[in-house]
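The form predicted alone is given below as one chain in structure tokens.
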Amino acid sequence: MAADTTEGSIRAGIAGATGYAGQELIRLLARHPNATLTIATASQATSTPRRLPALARIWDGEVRPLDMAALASSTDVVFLALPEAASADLAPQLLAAGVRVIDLSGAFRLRDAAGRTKWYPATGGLPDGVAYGLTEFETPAIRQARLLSNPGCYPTASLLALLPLARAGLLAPGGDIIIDAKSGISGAGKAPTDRTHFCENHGSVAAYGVFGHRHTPEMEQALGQRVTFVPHLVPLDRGILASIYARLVPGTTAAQVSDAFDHAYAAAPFVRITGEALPEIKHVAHTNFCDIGWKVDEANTRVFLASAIDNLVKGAAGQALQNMNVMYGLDERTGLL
């Protein structure tokens, strides 16, 4: 789909602008040289118009109540930072109005109808022109997408670490893949709960969603094999560290693992491969980078992978903007470096 991408020419809107990911999107779009944020709405039509003090002099607009007609009439592309049910309802209406959509929820991530029914019951069939937005591996589909389904934060960190090995044929068929991931509290969203209360979270680490997290089928869909995924909540405001354990094809060497990553990310501006120098959350906080390191146990054909991202940037708003750049034929780094 061709588009004029001269300075400020892409009219962008955000629905769900008061959440953590929505506010991160405002910060990014406000400095984007080829886009103008024309409208930002809350997640409900009954919301009271408000300004965001943290964004003063970055973006001085007003967040309006959710208004589908206003979004459709004033934008070329809309970012949906909404709950799944709201995205499932709003996205088809925007598409019918000729607007491209980048959805940050999970509503359109799963291709399998039974999986969508189980994990995202508000979503019916997938609209035409939907693409999964793991930028480094789905660029051709993203360029043509009318509806871009932005990956989850945990799948982003995990798949960027695993897919180079899977596509190089180095993961043992049917071998165990264990993903032990830790996320900052912002990954749970802005609505407060007992789990995210300061007194409950501070000084603690807790596993949750064991054998029942909805990001598991998203990762299995991309990899084509089963994973054991256990997420943990840690007392940080942002960031994810995924510690991944997998079996390699017998005879695989450390050099082959390194070559697989070099080949996969030779032209990827937002993936930094660190080899045996394992990454940390502080290295990627407030950036769109994913840092990936590894250790190989050749004698026992095992690999340990460490993948770090900022869950609000590469895991949400930053990757969404990276995908918008691809959709409109821009350098994917625009507005992100």
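Residues carry their position along the shown sequence, with the first being 1. Please read these numbers as outputs of a predicted model, since none were measured by experiment.
There is also a form predicted in complex with a further copy of the same chain; it is not shown, and the following applies to it.
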{"property": "Answer range among 117-125, 143-151, 92-100, 173-181 for contact with a further copy of the same chain, defined in the predicted bound form as heavy atoms within 4.5 Å", "result": "173-181"}
{"property": "Single option in A113, A254, A168, A206 placed near a further copy of the same chain in the predicted bound form, where near means a heavy atom within 4.5 Å", "result": "A206"}
{"property": "Non-hydrogen atom within 4.5 Å of a further copy of the same chain in the predicted bound form for each of R31, A56 and T196", "result": "yes"}
{"property": "Close approach of V230 to a further copy of the same chain in the predicted bound form, 4.5 Å, heavy atom", "result": "yes"}
{"property": "Contact test in the predicted bound form: Y20 vs a further copy of the same chain, heavy atoms, 4.5 Å", "result": "yes"}
{"property": "A260 within 4.5 Å of a further copy of the same chain in the predicted bound form, heavy atoms", "result": "no"}
{"property": "4.5 Å heavy atom contact, P269 to a further copy of the same chain in the predicted bound form", "result": "yes"}
{"property": "Within 4.5 Å of a further copy of the same chain in the predicted bound form: residues from 256-284 (heavy atom criterion)", "result": "A268, P269, F270, V271, R272, L278, P279, E280, I281, K282, H283"}
